[in-house]
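Given next, in structure tokens, is a single chain: the form predicted on its own.
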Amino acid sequence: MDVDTGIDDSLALLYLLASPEAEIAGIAATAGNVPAPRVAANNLAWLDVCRAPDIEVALGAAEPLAIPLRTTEDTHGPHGVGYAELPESERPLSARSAAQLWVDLVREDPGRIVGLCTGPLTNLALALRLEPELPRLLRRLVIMGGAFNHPGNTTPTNEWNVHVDPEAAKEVFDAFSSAPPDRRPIVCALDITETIEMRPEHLALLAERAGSQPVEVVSETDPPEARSAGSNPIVRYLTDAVRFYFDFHRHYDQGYLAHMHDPFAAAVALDPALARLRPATVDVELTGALTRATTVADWAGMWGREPNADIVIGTDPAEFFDRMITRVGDFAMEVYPPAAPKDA
């Protein structure tokens, strides 16, 4: 995982921890939603909350490749996890850089590692500079990023992750132009991820599945200082994080909901059959005065270049939420079993 945690990155991490078929080989902290040290601290804290085994967390680059870092605390809260107040972890950070972690993992286990990027692609671009064979050493790469036949969420044409480090995104897509078809990145862009709309009832269903009491239904009338009273810590912290995301989307007239970009990408990384894919040649605009950082897809081969990505063009959001609620709810109950009722 290469993440800029991040509210929806948090749920992506929970989804993978809750999936028995997944083994997280390492977590790279990339600067994006918040600075890289805060991202790393959030990842370590979530591992503590989830009572996870030791998983290596490596610190990524502090800045994008060519431009100053832009963060988005207005979207994800001052610490990146909304209203949640996660405990500080005593788990150590890796001695390796995030880029070196990428390289070492794929060299140690060629053809088996699935890479999941839910933040800017800075660390992966730096890893490719260290190991140009990385596209053939990975089993598959899944990227949450870009916008194609869809408006941007940062500029009229830009998606956030690509906007933060467009040079890195271009380096990654260029590097994968030599990858065989079964190693092309799967790209989960805004076209689809903005259809993955989490609503208060999803949080309530998750709490119910986890046996957390009381089962709370958050509301747009809840004041910012409100905090969850859920008995299950995973549910409690998650509720406080996601409620901030609901408030953000409502503030921008998108409804009292939250787009779950990153957990959807995590689900696709585990099961690509969840998505309908279409190959295309993807490039990133770097010089346009109005369109810099725009992802451009050549669907028809007009550039005369082979496809370098499989873009998600369809999914079933209800199926995704069923899986997410079941997995994360069951996991939360397993980690924190509900107290047995006392005899009358």
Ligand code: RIB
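Just so it is clear, the structure is predicted and the values come from calculations on it, not from any experiment. Numbers follow the displayed sequence, beginning with 1.
The same protein has a further form, the form predicted in complex with the named molecule, not shown here; the description that follows concerns it.
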{"query": "Contact test in the predicted bound form: residue 243 vs the named molecule, heavy atoms, 4.5 Å", "finding": "no"}
{"query": "4.5 Å heavy atom contact, residue 160 to the named molecule in the predicted bound form", "finding": "yes"}
{"query": "Contact of residue 144 with the named molecule in the predicted bound form (heavy atom, 4.5 Å)", "finding": "yes"}
{"query": "Contact flag, residue 165 vs the named molecule in the predicted bound form, heavy atom cut 4.5 Å", "finding": "no"}
{"query": "Partner-facing stretch of 210 to 218, 255 to 263, 224 to 232, 168 to 176, counted where any non-hydrogen atom is within 4.5 angstroms of the named molecule in the predicted bound form", "finding": "255 to 263"}
{"query": "The named molecule in the predicted bound form: contacted by all of 76, 153 and 190, heavy atom 4.5 Å", "finding": "yes"}
{"query": "Contacts with the named molecule in the predicted bound form, stretch 1 to 31 (heavy atom within 4.5 Å)", "finding": "4, 8, 9"}
